[in-house]
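Here's a solo chain for you in structure tokens, the form predicted alone.
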Amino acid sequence: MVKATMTFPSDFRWGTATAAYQVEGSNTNSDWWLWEQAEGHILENQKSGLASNWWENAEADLDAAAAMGTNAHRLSLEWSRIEPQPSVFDNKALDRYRQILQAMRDRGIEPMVTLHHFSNPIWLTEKGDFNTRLVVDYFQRFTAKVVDTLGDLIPKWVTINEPMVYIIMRYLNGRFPEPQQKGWGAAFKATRNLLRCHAAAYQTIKERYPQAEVGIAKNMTILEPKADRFLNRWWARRASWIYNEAWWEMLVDGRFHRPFGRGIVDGLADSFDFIGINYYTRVYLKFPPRGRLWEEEWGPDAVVSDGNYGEVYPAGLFQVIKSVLKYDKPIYITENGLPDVEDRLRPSFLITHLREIWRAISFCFPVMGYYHWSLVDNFEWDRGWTQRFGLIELNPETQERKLRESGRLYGEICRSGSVSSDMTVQYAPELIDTIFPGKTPDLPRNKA
């Protein structure tokens, strides 16, 4: 039969993603390093150690990314390396980041750089972290230093990664390093300061590099009622506003929205050039929440990833893309992936989620790129090494790497700029009758 193909635009960004603390190793000035040392904070009391050893050998994984055919990578800069003490900047650390960024460009990989990805300098937490207004000045100073020394290599910037995840994990449920103040009041105060930090960073970058693209990577989760009851439906709508939508609305008009507070933030209005979507799953809510925001319980037909991380729900990606069209901005899928140590689900995950992006592009939705989380297995925050997201398998003890089957699939997709029925038969044959009905090629099926 004739091969069927979902073809993407020629200028589409095919990328991967990592975060500094999770891959660099030995970030001893970070609050996460301190948090790791206490019993019970990390699953099985695991430690990050060398992590994926990017500080010494990022170039090896960048070689693998280039061999896959990727043309973009999203990474973060570790604030605690660059400014280990207040106003004390480490030029050697900045030089190393310059080497990594240049290595990316030399390999035809466009950098997208995140300034804050969950990790803080220890000195910042001692001064009150995001519960103090001083953090805005600190973050602006850090941003200015990065812009002055590295900005010529960075066309795309993310100021803050997943602000609502950070707030919930840090201020409400204690799974991230705990601040001096916790609870809802502290969470709302920290949210306001994160918005101020974003505005300050956005203006700082644009003053020096007006052509740079600057945005936020926002975790977008499908929130549905646990059962079809009025209060559950109401709570799901309300929680979705708070978690998914309020951030974008505050960036649009430059003012705080309830329940986060009231007032106008200088420089916040229209302070994003693109929308970054981190999409993973959908969850279910019931009212009252009884101490947790959502239920980690799935329907009988749900496909659930390792460690009860979440339901595999590709249709939700199309839904969240559609939900942000009203902002009339370019859209990048800045993270999308799942923990799957056996690589059992990832091939079909890739194909089904990329189909949703292809559908969106077919409707002329402005989706400009896809950054798979993640390039290589990394230290997954409070889950440690128990959850593996990488296209490249890592043994953290020996630092040995192995390209997973999903990595081979993603390489074929990136190099061809398409998803084909041939690829589906080879890597995820269980999908062929739903993704490409009636288009089964005469190829040997190498999977049961």
Ligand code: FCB
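As the structure is a prediction and not an experimental result, all values here were calculated from the model. One-based numbering along the sequence shown.
The same protein also exists as the form predicted in complex with the named molecule; that form is not shown, yet it is the one meant from here on.
In plain terms, the part of the chain that comes close to the named molecule in the predicted bound form, with a heavy atom within 4.5 Å, is 116 to 124 out of 82 to 90, 116 to 124, 352 to 360, 149 to 157. When contacts are defined as a non-hydrogen atom within 4.5 Å, none of Asp31, Tyr138 and Asn193 contacts the named molecule in the predicted bound form. Of the listed positions (Trp373, Phe274, Tyr97, Phe256), a single one reaches within 4.5 angstroms of the named molecule by any non-hydrogen atom in the predicted bound form, namely Trp373. Contact annotation: of the candidates Asn71, Ser348, Asn278, Asn131, the single residue with a non-hydrogen atom within 4.5 angstroms of the named molecule in the predicted bound form is Asn278. By the criterion of a heavy atom within 4.5 Å, Thr16 is excluded from the residues contacting the named molecule in the predicted bound form. Using a 4.5 angstroms limit between non-hydrogen atoms, Trp385 is distant from the named molecule in the predicted bound form. For the chain shown alone, Glu78 is not a contact residue for the named molecule in the predicted bound form, no non-hydrogen atom being within 4.5 angstroms. Proximity of Asp61 to the named molecule in the predicted bound form: non-hydrogen atoms within 4.5 Å are absent; the residue sits far from the partner. Contacts between 335 to 363 and the named molecule, taken as any heavy atom within 4.5 Å in the predicted bound form, involve only Glu335.
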